[in-house]
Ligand SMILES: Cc1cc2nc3c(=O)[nH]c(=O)nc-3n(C[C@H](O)[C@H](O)[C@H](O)COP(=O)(O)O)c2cc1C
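Quick heads-up: it's one chain on its own, the form predicted alone, in structure tokens.
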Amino acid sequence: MTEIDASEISWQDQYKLMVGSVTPRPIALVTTIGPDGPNAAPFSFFNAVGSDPAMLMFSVGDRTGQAKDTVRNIRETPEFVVHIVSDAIKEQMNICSVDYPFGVNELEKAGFTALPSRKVKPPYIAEAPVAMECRLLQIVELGRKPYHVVFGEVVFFHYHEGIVNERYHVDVGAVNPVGRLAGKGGYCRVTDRFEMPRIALEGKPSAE
């Protein structure tokens, strides 16, 4: 058994342990809009947090002591769009991950098609299989670095044709998402899936 006291190692080493242990992680490709125009950036500290209303979160670290474009823009315009990264757009997502100077339009750099959203000001990406328009609920600053944890309410969903059925079930195979692993270039595909029925208590049906 390897045992490590978090208080005795650097934040860089703690980061390596976190991204190597909490894996695979979904990737949120987030579009925002600010005084310099639209911005797109991927974040893998990301997940859903609730469904009444639909809510999600992603966490953003500071850039050289100041907030990144994504956080600055959301503070200016408290809306954003979260896109699920598919295998088909992974290379374009990677272009958006470059640490460009403030004001650079990553959507143009990546060759993405920006379309007007239905309920929020930032555009959504036509090539993404899933796009969720969100309004800001709260930004929470945590840690010494610090990290900005952004919570949003989903107010509109976009899906490519054939992904959602009439019962609102999503076909993950049609989405074909990629996940983030540890390291500068670590990613994975959802290529090996299995089902395992939930165990019910005696005399009670299992929850779906």
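The shown structure was predicted, so the numbers you read here are calculated from the model rather than taken from an experiment. Note that residue numbering begins at 1 and tracks the sequence as displayed.
Below: the form predicted together with the named molecule, not depicted.
Just one listed stretch, out of 134-142, 74-82, 114-122, 89-97, contacts the named molecule in the predicted complex at the 4.5 Å heavy atom level, and that stretch is 89-97. Proximity of Lys68 to the named molecule in the predicted complex: non-hydrogen atoms within 4.5 Å are present. Although the partner is absent here, Ile27 sits close enough that one of its heavy atoms falls within 4.5 Å of the named molecule in the predicted complex. The closest heavy atom approach of His158 to the named molecule in the predicted complex falls outside 4.5 Å.
At the 4.5 Å threshold, heavy atoms of Gly37 stay clear of the named molecule in the predicted complex, well away from it. Heavy atoms closer than or equal to 4.5 Å to the named molecule in the predicted complex belong, across 179-199, to the residues Arg180, Tyr187, ordered by sequence position.
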